[in-house]
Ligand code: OGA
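Have a look below at one chain only, the form predicted on its own, in structure tokens format.
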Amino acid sequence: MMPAHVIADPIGQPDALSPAADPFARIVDAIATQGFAICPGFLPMDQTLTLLQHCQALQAEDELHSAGIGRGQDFHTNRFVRQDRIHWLEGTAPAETHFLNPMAELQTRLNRELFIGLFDYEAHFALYPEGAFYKKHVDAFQGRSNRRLSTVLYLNPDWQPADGGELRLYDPGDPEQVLIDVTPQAGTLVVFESECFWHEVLPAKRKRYSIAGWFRVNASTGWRVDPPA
């Protein structure tokens, strides 16, 4: 298993995805070569903390709700699978633009350089209470494969290894083999191919805040609009 915050370059040598480098170029290159990228310092700490404060304000207003599984008529909650509480970003709060603007730039760069036809982006705040988890899964609904790339931005300052709560990615070639554990440190962005990487959120020993999101392609047909309006 590779250390957290480390990616492998095309010849297999460890290479930290440095915040000082162009983060968009490095993410695009990592997705093209290995299907996932880990970028510490993607957002400056002041903007990350503004997002954290916004999420905590929503929590205080009881605007975070139990997350579920599936979509439409297949939606249901199952606390044996996931225990996070979420609030979908609408882009109307000034704090959310600190995140959505660079993600729009990332979408543009990914489309321009990888020609993958990303159509839109959706995201929600996620709060994992102490001890909460999300069991091993992939980010693709059965028969609804419009999610192309998954993203996670972490909002937790001063997170320590003993706090747990890592994102665990599994090897696409062997879903039983752990590929990497990512510490949920504030400002770190993780991007990975939605249908290829099984992953889970390990239990944390303190509240764990993040923004989970998905870049989607247009999978509409003559009888179904996907993604929906």
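Residue numbers run from 1 along the displayed sequence. Just so it is clear, the structure is predicted and the values come from calculations on it, not from any experiment.
Note that the form predicted together with the ligand isn't included here; everything after this is about it.
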Taking any heavy atom pair closer than or equal to 4.5 Å as contact, tell me whether residue 214 reaches the ligand in the predicted complex. yes
Is residue 154 a contact residue for the ligand in the predicted complex, using a 4.5 Å heavy atom cut-off? yes
Is there a non-hydrogen atom of residue 99 within 4.5 angstroms of a non-hydrogen atom of the ligand in the predicted complex? no
Using heavy atoms and a 4.5 Å limit, would one call residue 139 a contact residue for the ligand in the predicted complex? yes
What is the one choice in 167, 43, 37, 179 with a heavy atom within 4.5 Å of the ligand in the predicted complex? 167
200 to 208, 45 to 53, 171 to 179, 29 to 37: which one contacts the ligand in the predicted complex at 4.5 Å, heavy atom to heavy atom? 200 to 208
